[in-house]
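Let's start with one chain on its own, the form predicted on its own, as structure tokens.
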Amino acid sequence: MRLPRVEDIEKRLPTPEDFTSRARGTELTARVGTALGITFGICFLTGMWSHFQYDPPGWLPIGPQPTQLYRVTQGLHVMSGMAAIPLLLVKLWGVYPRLFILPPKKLSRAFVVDVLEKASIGVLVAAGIFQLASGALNIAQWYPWAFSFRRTHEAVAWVAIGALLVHIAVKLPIIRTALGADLEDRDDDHHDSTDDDDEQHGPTRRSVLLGASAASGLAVLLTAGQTVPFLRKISVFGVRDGDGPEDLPINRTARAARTDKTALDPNFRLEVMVGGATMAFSREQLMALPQRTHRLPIACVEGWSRSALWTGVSVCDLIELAGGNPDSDVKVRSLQTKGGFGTSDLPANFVRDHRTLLALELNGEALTLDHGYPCRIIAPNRPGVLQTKWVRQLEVKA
């Protein structure tokens, strides 16, 4: 029995000519690719901004103004990511036949260029699929992996955007020519159709482009209700639809954070540490202090956000009462013993803003246990995970 040779395998491989759909072609892929590049660009920029809000670099001070900024940027991030999913699928379908173009058989400059180009496209496709898939799973809060989602998502984002820029630079002449050409070939416009021809050629490029645009728009519409209140009833893809105690969704319950018992302890005291001194307040004592009420948004990395009416003690007032300087950073510690973000840093520009509250009430009612009872942080323009719940200690940094 003779082993198959390379020539035998090549004969069995399909060629681009075997894919007869008239919808494929540079005219379609250039247009879909342009839309995909725009969504990727928006997703990348808003994603980087989200990372800056988590860990502000020294050269970019981020403060409480504008109040709704993180809500808008993170909403755009998730919506642009959802819009990119059908566009990426159509783009891959359009260029799929080109995978079967074999490189030159002899080792030459053309061979090296061909291999490098395919490798760069492979990196781009892999990074793009990973970003969209992991981002969608993050929205659903399902993490079937052991690595840090946020750090890995950020690192792969740089890989994806770098590969995309290289791809655009290499393909720019082809893209410009394709965008300037008619979407449909002249042969298609004057084609004498028969049943066999229709079966062979399939949908037109225009119909595929319209379908991709509709699917992308529908993906946004069915997700946007997480951020846009009047779309809440129709956004069936929105994981957080607004339902929950006091009309506010819950990401992590007290039971999941293992605070369901300690938070209800009648001996609970909030500690405010200034230098070597510590002041302790019961919840009743906090309620007896001057209260402030503000309507502030809470926005999470998964893309959902809501505005709510919060009432509590201004962190600035509390720090001054304890003898601290309100122009200081504050370390916030929670009662939670399970899960990330049990502590957070509250920069001075947030501390001195009177809208930054140690909240005791939500929408006119006492905080529920899952919303952070006995007290929680709420500040304008902060990621939701940094709005620490079940606060047990505020430490004023020197």
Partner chain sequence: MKATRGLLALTGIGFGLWGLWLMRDFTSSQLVSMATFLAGGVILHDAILAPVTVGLGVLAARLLPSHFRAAAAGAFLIWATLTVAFFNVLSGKGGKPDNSTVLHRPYALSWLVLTGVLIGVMVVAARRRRRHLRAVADLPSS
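Positions refer to the first chain, counted from 1. Quantities reported herein were computed from a predicted structural model and do not represent experimental measurements.
The same protein has a further form, the form predicted together with the partner chain, not shown here; the description that follows concerns it.
Chemist: Please pick, from G275, P104, G244, P229, the one residue with any non-hydrogen atom lying within 4.5 angstroms of the partner chain in the model of the complex.
Modeler: Flagged contact: G244.
Chemist: So the partner chain isn't shown here. In the model of the complex, which residue out of N325, T152, Q291, Q285 has a non-hydrogen atom within 4.5 Å of it?
Modeler: It is T152 that has a heavy atom within 4.5 Å of the partner.
Chemist: Can all three of G41, V72 and V113 be found with a heavy atom no more than 4.5 Å from the partner chain in the model of the complex?
Modeler: Checked in the model of the complex: no contact with the partner chain for any of the three.
Chemist: Give a yes/no on whether L318 approaches the partner chain to within 4.5 Å in the model of the complex, heavy atoms considered.
Modeler: No - in the model of the complex, heavy atoms of L318 and the partner chain never come within 4.5 Å of each other.
Chemist: Taking 4.5 angstroms as the cut-off for heavy atoms, does A215 touch the partner chain in the model of the complex?
Modeler: Residue-level check for A215: yes, a contact with the partner chain.
Chemist: Hey, in the model of the complex, is L92 touching the partner chain, heavy atoms inside 4.5 Å?
Modeler: The answer is yes: L92 has a heavy atom within 4.5 Å of the partner chain.
Chemist: Is there a heavy atom of T259 no more than 4.5 Å from a heavy atom of the partner chain in the model of the complex?
Modeler: T259: no contact with the partner chain in the model of the complex.
Chemist: Out of 162 to 170, 104 to 112, 293 to 301, 310 to 318, where are the residues with a heavy atom within 4.5 Å of the partner chain in the model of the complex?
Modeler: Selected stretch: 162 to 170.
Chemist: Within 4.5 Å of the partner chain in the model of the complex, counting any non-hydrogen atom, which residues from 73 to 103 show up?
Modeler: Contacts from 73 to 103: M82, I85, P86, L89, V90, L92, W93, Y96, L99.
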